[in-house]
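Before any questions on how it binds or moves, here is one chain, the form predicted on its own, in structure tokens.
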């Protein structure tokens, strides 16, 4: 009887033999201050990443507020693996492979919904909400065939590991490797901060995601999350436009909330250097801490009072005094605690990536907090926004021109050797390439690890 994890290990072992990329070759693609263009262009390397990174890391799946009632489900992917996140009749949140144990058809086709059980559209096999095989039509055909309905291979198998942390659901397709809290490290503090910004200590997803297809390798988006060299160039026109808007406002007119949100994207190198960048093990990073581009937002009436009433003065000041910018949790998502937004990375192919933006309500907070969250996203993350398309254009330009034979390497040496380490964290000036170098340290570790079968 072969489990899903054993099957994955078999695949990894075969790929070691057939794809032609030895560990030595993979290691040679990453140097201390640069990476080879093949990490963005080679389809075989992309396939290896799906197995060795996305198949071994803790990957964000969804938030449990998306499956509030028994039978509620969402469908998504972990790397290339289609999965279903569903709340069963006991109230537990499960993550199961979206594959029928009979002929392998995708069982659930809708992006979300509610079901009493799952039914394969091909031959009608049905499955309980935890993935267990329920029934096979015309079962007399299986008499005397040694068919065992209790055999897990015939179920919609559960992924190896699932962790629900304050509503944020992560899954790991492998039984091997770090436990969830070890993997996350200090990145968990950002999730805590986002939840604690609610007077009730809880957040919930609001509405559908904002999808944005990017014509680039998934790592380009992830590198950009804490790349503070680009805003004053890539988003320079935004800064010019917002400053002009403020100058032309009639005297005494309040600064629009939209200007508060957009104007920091045209800030100086000095502002971003002062924010600083911090990296952790496993490729995670964040900018800011004590202050960030979100620090100067105006207060929303009633919010501070609600926080103090629920949490007390000391905790409120501690929670709202933390201002991280883009906590990047490698490899699958980034979280903005100060504006209650996450962006989820869904790799499609070596040069195509889906980015999904989700918006959260702070339970017990004034509704204007949610309005600001959605306004931020429409201004920054939307395909029709004033910021997001700038990044998309640069990614597409890189994906195209990296094929040029004029050079083979991508440079990442800015502020190298000028980092400071303490308490398990490493920090540098905000415009350092430290976060990118840290990601490729994790990339190398994942891509060259030995599978359980080979050990």
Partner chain sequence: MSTNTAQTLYTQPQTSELEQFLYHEADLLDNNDLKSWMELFTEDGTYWMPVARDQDDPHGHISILFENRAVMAVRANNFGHRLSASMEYDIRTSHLIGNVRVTEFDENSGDCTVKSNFQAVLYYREQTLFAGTCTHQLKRQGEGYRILQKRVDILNCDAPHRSIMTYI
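Bear in mind that the values here come from a model prediction, so they are computed numbers and not experimental data. Rigid core: the largest C-alpha set superposing within 1.5 Å between the two forms. Positions refer to the first chain, counted from 1.
The same protein has a further form, the form predicted in complex with its partner chain, not shown here; the description that follows concerns it.
Novice: Does at least one non-hydrogen atom of residue 396 fall within 4.5 angstroms of its partner chain in the predicted bound form?
Specialist: Contact check for residue 396: yes, within 4.5 Å of its partner chain in the predicted bound form.
Novice: Would residue 384 count as a contact of its partner chain in the predicted bound form, using a 4.5 angstroms cut-off between non-hydrogen atoms?
Specialist: So residue 384 counts as contacting its partner chain.
Novice: Although its partner chain is absent from this view, report whether residue 248 comes within 4.5 Å of it in the predicted bound form, heavy atoms only.
Specialist: Yes - in the predicted bound form, heavy atoms of residue 248 and its partner chain come within 4.5 Å of each other.
Novice: Is the gap between residue 209 and its partner chain in the predicted bound form 4.5 Å or less for some heavy atom pair?
Specialist: Residue-level check for residue 209: yes, a contact with its partner chain.
Novice: Counting only non-hydrogen atoms, which stretch in 145 to 153, 299 to 307, 120 to 128, 239 to 247 is within 4.5 Å of its partner chain in the predicted bound form?
Specialist: After filtering at 4.5 Å, what remains is 239 to 247.
Novice: Name the residue from 115, 320, 188, 234 that puts a heavy atom within 4.5 Å of its partner chain in the predicted bound form.
Specialist: Contact residue from the list: 234.
Novice: Which residue, 290, 110, 89, 371, is the contact with its partner chain in the predicted bound form, using a 4.5 Å heavy atom cutoff?
Specialist: Of the listed residues, the single hit is 371.
Novice: Does its partner chain come within 4.5 Å of a heavy atom in each of 256, 378 and 392 in the predicted bound form?
Specialist: Per the other structure, all of 256, 378 and 392 touch its partner chain.
Novice: Once everything's superposed on the core, is residue 206 shifted 2 Å or more at the Cα between this form and the one not shown?
Specialist: Comparing forms between this form and the one not shown, the residue 206 CA shifts below 2 Å.
Novice: For residue 304, decide whether the Cα shift between this form and the one not shown is 2 Å or greater, given a superposition on the rigid core.
Specialist: After core superposition, the C-alpha of residue 304 moves less than 2 Å between this form and the one not shown.
Novice: Aligning on the core only, does the CA of residue 348 end up 2 angstroms or more away between this form and the one not shown?
Specialist: No; residue 348 is a residue whose C-alpha shifts by less than 2 Å between this form and the one not shown when the cores are overlaid.
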